[in-house]
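Two versions of one and the same chain are coming, encoded as structure tokens; call them structure 1 and structure 2.
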Structure 1
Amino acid sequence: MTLRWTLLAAAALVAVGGTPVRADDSIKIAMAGPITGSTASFGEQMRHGAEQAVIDINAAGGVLGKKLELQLGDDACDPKQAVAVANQLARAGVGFVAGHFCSGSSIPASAVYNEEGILQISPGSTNPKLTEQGFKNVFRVCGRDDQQGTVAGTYLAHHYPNGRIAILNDKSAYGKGLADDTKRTLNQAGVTEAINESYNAGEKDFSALVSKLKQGQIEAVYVGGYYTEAGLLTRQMREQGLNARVIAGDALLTNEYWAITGAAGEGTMMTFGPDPRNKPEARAVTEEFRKAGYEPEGYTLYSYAAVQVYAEAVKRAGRTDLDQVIKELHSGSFETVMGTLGFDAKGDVTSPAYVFYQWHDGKFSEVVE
């Protein structure tokens, strides 16, 4: 079965193909994220997840007798482009957006969705500010950086009590927020890092920073940022003879990281939620992806779950009215490929969890302790 979808970029709405669906026969939804740009691998994960969820839901009869019609918004992980996409999705009549991925995109876009009465459920934006703004229409199916940072900071304090730690960030809402939360937990545990610095997103030459890390005899480098820069940094560290452990957040859980580092990425650790591919609820969908030649890593199933949650909330509400759907989101739990999900008053999941993953021989897996 194929899925009709449209791609919404910052400047255009492009019909991709398939048989048009009459407006009164469909419920328009969207997935918005970095389809292009340096974090495009996460956009690909999100697209596959949302696309497959729509296919499966429509094959099972749709929602309220209507088919879901998916549009794709490309924000390239750029705040201004995210706002442009959000406004275009509003004009296109979309009532629900699974997105965005980068917190720096989700936060400004959320203001548009709030004003336009569009439900937003982010699969991967972890900055606490997203759900701290007081917008009733904003939810997420992932955890928060103050939870993720607590796990990372606790680990660093326990394993590196001598403080030979560097905390780095890329100045983005996600990267800096995560690094700050990790630093806060580390400091509260009585350990002070030796180096705390920022770098620029898009930076390629880290030789000066690596030299500083070597001079500081750093044993652990915590990176608050995305896989492209983190991968280059890791590779250049190894090339210059620095074998410090690299630890980061969920933005390194993509094969693109290893494609950049090669063997230099061996032993890199990241925090992320327990792998939903291992859950019984995800077994059938995971096999469906694999038969099609796609491995549903990272945020694929998170995006699938976001669409699942929306569809079920609409069914329970008996309508697509935003206030009624929000009421249903807060009134019960939802069975998804990620297991049972519920939401608190802010729109955060009620049972977040973070564990460590580690790169080994080109693959990442949960660390079993």
Structure 2
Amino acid sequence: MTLRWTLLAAAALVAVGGTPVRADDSIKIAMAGPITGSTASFGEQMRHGAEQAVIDINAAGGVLGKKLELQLGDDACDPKQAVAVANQLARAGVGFVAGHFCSGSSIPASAVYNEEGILQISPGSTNPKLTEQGFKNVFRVCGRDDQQGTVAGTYLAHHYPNGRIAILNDKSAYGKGLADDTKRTLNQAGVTEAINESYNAGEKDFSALVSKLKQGQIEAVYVGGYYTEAGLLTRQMREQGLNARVIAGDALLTNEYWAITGAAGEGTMMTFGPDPRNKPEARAVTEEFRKAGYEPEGYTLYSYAAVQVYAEAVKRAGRTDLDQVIKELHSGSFETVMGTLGFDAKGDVTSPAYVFYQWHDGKFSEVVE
């Protein structure tokens, strides 16, 4: 095992490049994510966000009189490479990592950071397991998959108190998880759904299910599943003349959903992280990015915020000592480009970071209440 770790670390050293000389007037931090590979566009966003945050913080005098020094780690969204990168960063003496993006990378890397005493704040890993491992050093500035269910359940309970609700799932880990969380929240609010069913992924014919929903005079359908089946279901609902509202998770935020439903998808609602570009706190930074010819979309501002949170926690602690910084992270709230962030005991953000998006005329946008 030791040999394997060493080999991985050596491999990472080759992958990431030479280690800079340790300088006492700087605080070493890192951004780790998929800089190459199939999800490289997200890695690009994270890199832009972290780099800009470091530039801005250093321009404002740095942290505790020292400059932040940013390193980059490329995990290519590959769990094995993520572990290698984590070891490499540890060897380079990094105290904080903004990363990773893919949950499958963040989770194995978090074990390394935990062992090495490095703080990890993930800008984009939403799998609940990341903060459920009991690691004190792991935080995230994005939401958790199971918070989507909470948000959807609350919405359903509030808008459909008569219980004319159907909760469907596709039996997958993602879909069933979402549906179960939604149902729990709904039931805790004192509303019981009328229909609770599951279907098979790959199913094409939902006519019998749609007739059943129609018979139950369902007004809202929560779909825990992916866009293909949800799209077919929505289309067949409208064909049979059932106009119930379709509500689902983030898996429907793709243009392929609209390609399947066509006009039938009008009004479909989905839970997803709020677009931080709309926050007043983000206005200045967003404009700065745009001036430089870069649109700070997706996870750019999430990464920016992760670096901001770390810098602020170090300032409050007065030192870079891990335990002190963690204590600060748990005890206060932080002003960031994403708004005010606070962290619970597990390291998740305290305000559920999910809002509703809605399909309208072939495009989806955040629902402004």
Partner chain sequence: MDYFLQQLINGVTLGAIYGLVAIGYTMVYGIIGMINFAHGEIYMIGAFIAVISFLAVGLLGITWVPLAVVLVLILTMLFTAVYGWTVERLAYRPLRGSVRLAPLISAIGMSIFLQNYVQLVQGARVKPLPPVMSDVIVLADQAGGFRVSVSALQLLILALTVALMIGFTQVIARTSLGRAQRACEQDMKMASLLGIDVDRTISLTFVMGAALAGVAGVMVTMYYGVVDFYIGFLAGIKAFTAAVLGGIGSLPGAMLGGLLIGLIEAFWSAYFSVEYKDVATFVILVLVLIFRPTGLLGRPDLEKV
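Numbering runs along the sequence of structure 1, starting at 1. The term rigid core refers to the most C-alpha atoms you can superpose between the two forms while keeping them within 1.5 Å. Predicted, not measured: the structure shown is a model, and the values here were computed from it.
Undergrad: When you get a sec, tell me if the form predicted in complex with its partner chain is 1 or 2.
TA: Between the two, the form predicted in complex with its partner chain is shown as structure 2, not structure 1.
Undergrad: Any CA movement of 2 Å or more for residue 277 between structures 1 and 2, core superposed?
TA: No; residue 277 is a residue whose C-alpha shifts by less than 2 Å between structures 1 and 2 when the cores are overlaid.
Undergrad: Core superposed first: is there a CA shift of 2 Å or greater at residue 118 between structures 1 and 2?
TA: Superposed on the core, residue 118 moves its C-alpha less than 2 Å between structures 1 and 2.
Undergrad: Rigid core fitted, is the C-alpha displacement of residue 219 between structures 1 and 2 2 Å or more?
TA: It does shift by 2 Å or more.
Undergrad: Residue 250: how far does its C-alpha move between structures 1 and 2, core aligned, in angstrom?
TA: Comparing the two forms, residue 250 shifts 5.7 Å at C-alpha.
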